[in-house]
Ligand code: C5P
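Here we start with a single chain on its own, the form predicted alone, put down as structure tokens.
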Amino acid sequence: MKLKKHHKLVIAADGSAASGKTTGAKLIAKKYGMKFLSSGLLYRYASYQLLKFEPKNEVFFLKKKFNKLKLSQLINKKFHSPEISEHTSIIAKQKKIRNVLKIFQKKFAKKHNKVVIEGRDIQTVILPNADIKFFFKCSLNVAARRRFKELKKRNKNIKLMDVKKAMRIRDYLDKKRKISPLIQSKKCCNCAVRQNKY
């Protein structure tokens, strides 16, 4: 498939933690020269900033942060700690905070002609009219081992049990939250479900 510069193409990729959605979305973006954005990293960035600075007005604080945010700022090893993962699920349930990130993601999609955004509510809330939608699935045991291998490189003292627990909590909270829960789009005829076994 060859994409012309002036053609608009929007791809949404959703799925549970460590299900392979980020890897898959990055590969697609690289192959077709598309802009890539990780919704999960945006929330982890927000969580990190809130825990670090403890602002009185979290929404106002995040609005200022995201107005100046550059994608290079999302590359931080500390964003993937179990503490950040658990806190991320907590703030993800707050409508006002979600709206701040929602605005950022929608602006990103409009700014570029060819975009791949991955997360947990991309195909249902952020990009409901995306041209192509993917939904990635993976068992908790496999996902936990994959995430553990990633985190082990940064923290030798981390335990698989703690990683698995944090992921179980986050997936449960994301699926059960009332605002933008983690679900597969029912209206999408282009959804692809992938079961990772590695």
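Model, not experiment: these values are computed from the prediction. Counting begins at 1, following the sequence as shown.
There is another form of the same protein, the form predicted together with the ligand; it is not shown, and what comes next is about it.
Participant: Counting only non-hydrogen atoms and a 4.5 angstroms cut-off, does residue 122 reach the ligand in the predicted bound form?
Facilitator: So residue 122 counts as contacting the ligand.
Participant: In the predicted bound form, does residue 98 have a heavy atom within 4.5 Å of the ligand?
Facilitator: Answer yes; at least one heavy atom of residue 98 falls within 4.5 Å of the ligand in the predicted bound form.
Participant: Determine whether any heavy atom of residue 89 comes within 4.5 Å of a heavy atom of the ligand in the predicted bound form, and answer yes or no.
Facilitator: Yes, residue 89 sits close enough to the ligand in the predicted bound form that at least one of its heavy atoms falls within 4.5 Å.
Participant: Whether residue 170 contacts the ligand in the predicted bound form should be assessed with a 4.5 Å heavy atom distance threshold; does it?
Facilitator: Within the cut-off, so yes.
Participant: Quick check: do 21, 43 and 177 each get a heavy atom within 4.5 Å of the ligand in the predicted bound form?
Facilitator: Judged in the predicted bound form, 21, 43 and 177 all sit within 4.5 Å of the ligand.
Participant: So which stretch, 23-31, 60-68, 43-51, 132-140, is the one near the ligand in the predicted bound form (non-hydrogen atoms, 4.5 Å)?
Facilitator: Partner-contacting stretch among the options: 43-51.
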